[in-house]
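A lone chain, given as structure tokens: the form predicted alone.
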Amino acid sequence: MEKLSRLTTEDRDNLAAYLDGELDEESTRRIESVLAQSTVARNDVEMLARTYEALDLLPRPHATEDFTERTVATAKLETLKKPLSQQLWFQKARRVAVLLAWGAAMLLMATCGYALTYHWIDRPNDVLLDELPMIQNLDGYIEIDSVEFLNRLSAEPQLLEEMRAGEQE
């Protein structure tokens, strides 16, 4: 009975080189020993050889005259350094910079708007806060009948203290 041995994956990868006579001696001997023992392996090699023969029957494509020129020009373009503006990292950095600039501009405008409205638009309570000391002492001012009494109070601070002590009692 015939031994059913098959080609290894490495030998299958080398079959094309074997058929072209490009393998080293050791690999060639190993493939030939398997072919001598196995009809399955011989069948695999025969199918591959027929495939190559069928490929030889197909018409061969011919390159146009300017193919070489275009290929060399394309190779030269690949070796040229791209301008900075066409490099991917530069484009991404530019987008981020534009977004940051817009964000900073929006923050600046919001800050200016807040400052303008806070400092220049009058609020009704500002007048009351500015006049708070007078409002707190309004009852005392109502009781004063004349300006001479106020002058006397400013000249004699102890008189004001006496009046406050009298109110608290």
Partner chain sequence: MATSEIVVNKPAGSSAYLRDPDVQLMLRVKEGDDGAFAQLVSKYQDRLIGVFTNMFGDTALAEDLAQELFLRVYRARQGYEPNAKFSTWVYQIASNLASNSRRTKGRKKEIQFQPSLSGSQPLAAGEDAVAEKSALMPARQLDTDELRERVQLAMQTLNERQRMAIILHKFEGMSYADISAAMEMTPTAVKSLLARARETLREALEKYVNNAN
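Numbering follows the first chain given and starts at 1. Worth saying up front: this structure is predicted, and the values here are computed from it rather than measured.
If you look for the form predicted in complex with its partner chain, you will not find it shown, but the lines that follow are about it.
Between the options 122, 143, 131, 26, the residue in contact with its partner chain in the predicted complex by a heavy atom within 4.5 angstroms is 26. For the candidate set 10, 161, 148, 156, a heavy atom within 4.5 Å of its partner chain in the predicted complex is found for exactly one residue, namely 10. In the predicted complex, its partner chain lies farther than 4.5 Å from every heavy atom of residue 106.
Contact check for residue 51: a non-hydrogen atom falls within 4.5 Å of its partner chain in the predicted complex. Residue contact check for residue 56: one or more of its heavy atoms lie within 4.5 Å of its partner chain in the predicted complex. When contacts are judged by a 4.5 Å heavy atom cut-off, residue 63 counts as touching its partner chain in the predicted complex. Note on the interface: of 43-51, 133-141, 96-104, 114-122, the segment with non-hydrogen atoms within 4.5 angstroms of its partner chain in the predicted complex is 43-51.
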